[in-house]
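Starting off, we have a lone chain in the form predicted on its own, written out as structure tokens.
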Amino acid sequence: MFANRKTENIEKEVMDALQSARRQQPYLNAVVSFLDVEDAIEAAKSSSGKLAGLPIVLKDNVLTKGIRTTGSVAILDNYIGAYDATITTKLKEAGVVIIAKSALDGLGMGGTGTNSHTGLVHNPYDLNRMAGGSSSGSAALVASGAVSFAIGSDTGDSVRKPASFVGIVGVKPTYGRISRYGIIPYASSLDHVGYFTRSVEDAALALEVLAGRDDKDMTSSFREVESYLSNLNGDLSGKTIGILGNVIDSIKNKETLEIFDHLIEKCVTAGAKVKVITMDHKLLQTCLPVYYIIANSEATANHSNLDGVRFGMQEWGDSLEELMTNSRTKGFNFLLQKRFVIGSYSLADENQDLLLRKAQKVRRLLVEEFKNTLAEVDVLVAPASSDVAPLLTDKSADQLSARYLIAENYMVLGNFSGYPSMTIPMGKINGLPIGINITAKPFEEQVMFDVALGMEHLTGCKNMVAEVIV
């Protein structure tokens, strides 16, 4: 836990983390680039920042000046950042030492950790299983014990789902709470900076460092940053916890439901009030198609500049059009190409009313329904996934089933609405972790952290590590 760590030997702490990440890399494949740390160690030794000397990892869609930032796609494999992202600057000012840039599903598009330019990312609990995505590398490095803090990003559930699969804390704060300046975008109306820790206390401290207004990001909030750690209170008495009944009804795995029910029973014993809430089921089933249309449309627009001309990898052609076609064909894998086709189709003039604008209207209905769902409770909870991490070879998901449409995709409501949402471990099934998701009202991160801490006390699932030892 870094919230109360000592900093007597910064160099040893950093070098131990770097050695651990390097040793586990052949098995996890979680790192895109390792960084030189000597200058950062020296700077950290004289730092008075809240995280002085803490070794951390950045998802490789976070810009770092003079350092390769690939977004885990071939077309950016040679791209060197021209400036630091705002969060990179904030973290350096807090005294951290960045030891690596982590793998992700290309440009953040994917939920498996299997679509990175550098190959599959493996789950440290079982190397044959997914670490989740798109923030797969950061999640795996925190879960494996290499680092205790890593940056991710969350456009659908790209921090919160991996956190469930690898047994750590994953936080997506309120839209605008953390600046996105210098983050390679996916879908601008849905993108959030998120992060991973192994305890709720560390998560609270991390947000103090990352949050705040940034004039370089006009969507960032002017709201004052709270003292989340010192205000942290894990007392559940008097808290009203809403259970999203649609998700519970969609889960068929009895072990998942048993772990969840057992935790809720403990919350009631600790003084919490519980209320089962059901959203419009038909409306909730639209989450995935609405997400696909909006996210892919925005991604297509955001990444039209990745053409092989301005920067990045270039595949030659006999004309400018052929050069751009060749560069994008070679530079993006099939999954990204498919998403760009969906986005382009939705953006076509003749299709915008039928697809994009209709999806935006349904998103508004979902957000209003979600707002009403949270109105009479402090937080809304449900299992973060219907089951443990899938095998890397698993292609069996029925994408039209209630389990898939709702139980595996409802967390996108946090991106549609911008509400703060986090996942913490709630237990294990056959030695593999599974998490509970907690969502609060806008800018009520303190309430969210308080409930999460109370649950963490009840589960005992704090500071879990699955180091790969071979």
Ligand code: GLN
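Residue numbers here begin at 1 and follow the sequence given. Everything numeric in this text was worked out from a predicted model, so none of it was measured.
There is another form of the same protein, the form predicted together with the named molecule; it is not shown, and what comes next is about it.
Not one of A203, P420 and F449 is positioned with any heavy atom within 4.5 Å of the named molecule in the predicted complex. Across the options 108 to 116, 360 to 368, 95 to 103, 384 to 392, residues that bring heavy atoms within 4.5 Å of the named molecule in the predicted complex belong to 108 to 116. Contact annotation: of the candidates G71, G156, G194, G167, the single residue with a non-hydrogen atom within 4.5 angstroms of the named molecule in the predicted complex is G156.
A single residue from the set Y291, F260, Y175, Y181 has any heavy atom within 4.5 angstroms of the named molecule in the predicted complex; that residue is Y291. In the predicted complex, none of the heavy atoms of R198 sits within 4.5 Å of a heavy atom of the named molecule. Taking non-hydrogen atoms only, R328 never approaches the named molecule to within 4.5 angstroms in the predicted complex. Although the partner is absent from this view, S136 stays clear of the named molecule in the predicted complex, with no non-hydrogen atom inside 4.5 angstroms. The closest non-hydrogen atom of R339 lies within 4.5 Å of the named molecule in the predicted complex. In the predicted complex, just one residue of 174 to 196 lies within 4.5 Å of the named molecule by at least one heavy atom: Y186.
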